[in-house]
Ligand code: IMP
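Next up: just one chain, as C-alpha cells, the form predicted alone.
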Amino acid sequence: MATYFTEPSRTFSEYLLVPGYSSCECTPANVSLKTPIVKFRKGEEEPSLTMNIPMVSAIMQSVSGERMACALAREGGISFIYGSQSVENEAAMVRRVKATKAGFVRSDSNLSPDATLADVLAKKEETGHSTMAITEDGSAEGKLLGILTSRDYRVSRMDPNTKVTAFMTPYEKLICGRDGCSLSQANDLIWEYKLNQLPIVDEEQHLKAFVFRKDYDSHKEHPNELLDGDKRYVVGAGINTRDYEQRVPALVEAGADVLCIDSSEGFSEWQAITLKWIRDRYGDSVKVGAGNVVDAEGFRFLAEAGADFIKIGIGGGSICITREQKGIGRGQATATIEVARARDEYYKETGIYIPICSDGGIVHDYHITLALAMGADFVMLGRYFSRFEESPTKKVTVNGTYMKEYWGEGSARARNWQRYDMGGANKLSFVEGVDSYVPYAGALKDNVDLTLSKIKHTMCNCGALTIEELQQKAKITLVSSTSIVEGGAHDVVVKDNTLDAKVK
C-alpha cells in the first residue's frame, strides 16, 4: 500500500517568525552569516570550505556564468558553473574564474612579438582583458618582452596590421617584481610607482604572474570576498551522472573548489554510483554535493552515499514545472523542516554534520531567513540571481521595461544539451521548465547587500547573532490566508512614482 503523508506540505509563505528576546548586542553589525558548505565533525574539526554569506547561485545556463561567479565570490558566496555544456567549455569557465582574482594572477592574455593590433583586439574580445603580456613564444610563462594595455593604442588611428612591438611598453621600461616576492611587497611597488599592474618575473625574465592595483582596491571594497588559499575566487561547478568520468577530472584540474550533482531528483542509484566513483579516485579531497531530495529517507540515502552537502527541493523553482508535469515534489518549507531533522539525527548518530541547501521556493527575501531558521545552512537561488547585470543572459526591453531572459535547465531551450537523453531512443518528449523573463534589477552587489541587511535585522529580532543560533532560538508560526493578506499593505491607496509626479 502507498505511503500517505497526512499533513499538507507547506511553502515558506505560510510561515512567519515570532520575535524573541534581543539583547543590546543584537545589532546587524554583530551578525555573522558565515556557514559551512561541506561536511565535518562538529567540535573536532573546522569545515574545509565555508562561505561568508548563506547564498549560492543555481546550476543554470541563465544564471551561473563566470561573471556571476566572480561577482558572488566578491560578496562571500559561491556560484556553481552550469554543467549543461561541453566538458571543455565548463572547465574553461572555471579556469577563467580562478584566474580572475588572485594576489598573483597567471596571465591568460599573451601574444608573441609577431602579433598585430588585430590580434590584440581579437584577444581582448576573447578574454575581456585589456592587459596583455608579449612573451618570446606567446606563452603564459615565456620570456617577457613587454606589456600592452588599452592606453598603448588607438584603433581609429592605427593600421590593424601594425606589429605589437611597435606600440607595446618594452621590458626595459617596465617596473617588475621578482618571483618569490610577497603580495605586500608587490603592492608596495604598485603604490610607489603609481602602477595599474606589476609583472612578476624570474631571474631569466620569464613571466610568472601579474599583480593588479584594482585587486587591492577590490579587496577593500569587498571585505567578505571568498578566496582560496592562493587568494583566488572560490567557485563551484555542476556535474551529472553520465559523463562524470570525463567531467570531474577536467573540473578538478581547472581548479573547481566544490562540485554538485545537478538533478531534479537525487534519490537515485545513479547518484550513489557517481559519488562512489569520485570517492574511489579522489577520496575526500574532492568536495561534492548531491540532490535534490525532499524527505528524510532521501537525505539518509545521499548521506550514506558520501555527499558533502545535500540539496533540498523538487518543483519549487519559479520556472520549474516538474510538479505540474510529473506530479512529484513537496512544499519547500515542509521538505526543509523534515530534511533538517534527518540531518540532526544523522549528526547525533555519527558525529558528522552534513550541511543542507534549500533549493527553490524563495519568493521574498524573508523566505531566506525562514529557510535558515528551519535548518538550512544555505540557499540556492536561480530567479533571484538571474535578474542581475552579472547573469549570462541578455538584457532586453519588454513593453518598455528592461528584463533579463531566464529559462530552466529542464526547458526546451536548455535541452539543446539533451539533458534528459538517457541513450538510444529513450528521449523524453516533455519539458520540466519554462522559458521566461524576469525584471532587470541592476548590479548584484546592491541587491545582495539589501537582502543580507534584511536577514541580519530579522535575526536580531529573533535574538540570534549566527545562523546556528537562529536555528536554536527561532520561533516559527503557521499563518492563515487572511493573515497573509494582513501582512501586506491593505485598505489604503498606495502611492507610486506616477501618482507622485501628478501630485507635484
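Counting begins at 1, following the sequence as shown. Remember, predicted model here, so these are calculated numbers, not experimental data.
This next part talks about the form predicted in complex with ligand IMP, which is not shown.
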Only one of 155-163, 230-238, 396-404, 309-317 sits within 4.5 Å of ligand IMP in the predicted complex by heavy atom distance, namely 309-317
- Message: Please tell me whether the candidate spot formed by 107, 132 and 174 is one where all three residues come within 4.5 Å of ligand IMP in the predicted complex (heavy atoms).
- Response: no
Only hit among 146, 375, 266, 408 for heavy atom within 4.5 Å of ligand IMP in the predicted complex is 408
Of 91, 362, 71, 168, the only residue with a heavy atom within 4.5 Å of ligand IMP in the predicted complex is 362
Contact of residue 459 with ligand IMP in the predicted complex (heavy atom, 4.5 Å):
no
| query | in the predicted complex, does residue 58 have a heavy atom within 4.5 Å of ligand IMP? | reply | yes
Q. Though only this chain appears here, would residue 124 touch ligand IMP in the predicted complex if you measure heavy atom gaps against 4.5 Å?
A. no
### Message
Please determine whether residue 226 contacts ligand IMP in the predicted complex, using a 4.5 Å cut-off between heavy atoms.
### Response
no
